[in-house]
Structures are given as C-alpha cells and as structure tokens.
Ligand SMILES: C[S@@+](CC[C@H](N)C(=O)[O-])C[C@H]1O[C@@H](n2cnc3c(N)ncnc32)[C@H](O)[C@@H]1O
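One chain is shown next in structure tokens, namely the form predicted alone.
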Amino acid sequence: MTYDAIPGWFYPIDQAGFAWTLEFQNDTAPPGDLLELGTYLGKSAILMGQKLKQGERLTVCDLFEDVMTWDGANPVEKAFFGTRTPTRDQFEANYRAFHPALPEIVQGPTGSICQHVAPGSCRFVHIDASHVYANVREDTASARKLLQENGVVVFDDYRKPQCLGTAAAVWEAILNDGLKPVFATDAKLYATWGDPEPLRAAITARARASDWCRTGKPVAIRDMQIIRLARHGK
C-alpha cells in the first residue's frame, strides 16, 4: 500500500502544515502527546505517528462503524457515511502498513475523550469529527483542557458552506475564548491558546524555502494576524 492510495481528504498542503508544525514542536516544545478526534481511515494519523518522539503517545478517537447508530450525528452526516462507513479494521490495517504498533484507539463519541487523555498532556490536537455546532464546541473545549500551554489545535472544514456549525464554533472560540489563529489552508485552521508568533514565523520560513508553496499577505482580525498557506498558483 502507498500513502497516496489511502482514501481521505488530507491534501498535500496540510500534510506539509502538519509535518512542519510537528517538526517545529519537536525542536522547540517539551514532550507531549498527539490526539486526533475523528480519524476516518487514518491518513492524517499515519503522518502524526511518524512525528512522535520517544515516550510520546498518539490517541485517536472515532465512532468508526458505530456512527450509524450514534444519536449525536445529524442526518447529513449519516447520509454521507451511509455509503462509505469506515471501520476500525480498515483503519488498523492502514495504520499497520506504516507503523509496527497501533496508536491508542478510543472507539466512541469524542465527547468522552477527557476520560481517556490527561489534562495538559497534549502538544497537538486535530479536530475532524462531527460538524454539528454543539459537538465542535465540546471538542474545542476538550482540546483547550488537554493541550499544553503553547499546544496547537487544528480544525478541519472550518470554512465550508455545508459545515457552518464547525465555522460557528471555531470563530466563537477565536472571538470570545482566547483562541489565536496561527495559519490557515483552504481546508484547515491551525491555532493555539498560547503564543502564535513562533510557529507562524517558522511556517512562513518553511514556505519561503519551499519551491511548491507560499504564504499570502497576513489577514488582520482585531489584533490577530493570520497567514494563508497555499500551493503556488492557488
């Protein structure tokens, strides 16, 4: 199996965003665990597993095939997964194709994650589970509780018209709860409750050194500066 053959919506620009963020943390941050809320078939989790340092843990939380019986899913999500429901066996097979051991797997609603992961133990959290406003708000609150001081949270689908619940929850956290955007791609927003400047500078430097991606002019929102990471020509 090749990495590109794994189904999913984890595009090269975000593969770079994840890798550069995790590598920056590896060089500058204290050890911390990684967490993914909503993993589908494991494409992003596989990359996260590649960036673990000795003694760190990756945890993934997903309903897998149980999504069809979960009361918290809205009809749109159930209709989507009805034709392509991921299974835990598929995830595990994909992950084992690239890693000798599986991550910690929590099969259940992401609202239970604080029962499995210790407060302040994570340096990186990826939120890509339910797109219902109340669920994303809950996942955001969990990320804040579980992250270290300068830990990074990444939100998927923060700007799609069909995911306005996610957008509302993300911008509420930014405008009211002290979340600071660091950089954004078309698919994901990278943010922190700590100091955004060191990571923003590191991502800008990596993009300038790259021959295939760039950062656009920062967008100012209140007193925050957000840079866009994109491929050349986009």
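Heads up: residue numbers just count along the shown sequence, starting at 1. None of these values were measured; they are calculated from a predicted model.
The form predicted together with the named molecule exists for this protein as well; it is not shown, and the discussion that follows is about that form.
Inset, instruction - Assess the spot marked by Gln25, Leu147 and Trp193: is the named molecule within 4.5 Å of a heavy atom from every one of these residues in the predicted bound form? - result: Verified in the predicted bound form; spot residues all out of contact, no.
Inset, instruction - Would you point out which of 94-102, 128-136, 113-121, 147-155 contains residues with a non-hydrogen atom within 4.5 Å of the named molecule in the predicted bound form? - result: Contact-bearing stretch, as computed: 128-136.
Inset, instruction - Check whether Ala173 has any heavy atom within 4.5 Å of a heavy atom of the named molecule in the predicted bound form, and answer yes or no. - result: Ala173 lies outside the contact set for the named molecule.
Legend entry - Non-hydrogen atom contact Phe183 with the named molecule in the predicted bound form at 4.5 angstroms: No, Phe183 sits far enough from the named molecule in the predicted bound form that none of its heavy atoms falls within 4.5 Å.
Inset, instruction - Indicate whether the named molecule has at least one heavy atom within 4.5 Å of a heavy atom of Gly32 in the predicted bound form. - result: Looking in the predicted bound form, residue contacts with the named molecule do not include Gly32, since no heavy atom lies within 4.5 Å.
Inset, instruction - Indicate whether the named molecule has at least one heavy atom within 4.5 Å of a heavy atom of Thr166 in the predicted bound form. - result: Contact with the named molecule, no.
Inset, instruction - Name the single residue among Lys43, Arg200, Arg206, Lys51 that comes within 4.5 Å of the named molecule in the predicted bound form, judging by heavy atoms. - result: Partner contact (heavy atom, 4.5 Å) among the options: Lys43.
Legend entry - in the predicted bound form, the residue from Leu47, Leu179, Val67, Ala187 that sits within 4.5 Å of the named molecule by heavy atoms: Partner contact (heavy atom, 4.5 Å) among the options: Val67.
Legend entry - Within 4.5 Å of the named molecule in the predicted bound form: residues from 37-62 (heavy atom criterion): Heavy-atom contacts within 4.5 Å come from Gly38, Thr39, Tyr40, Lys43, Ser44, Cys61, Asp62.
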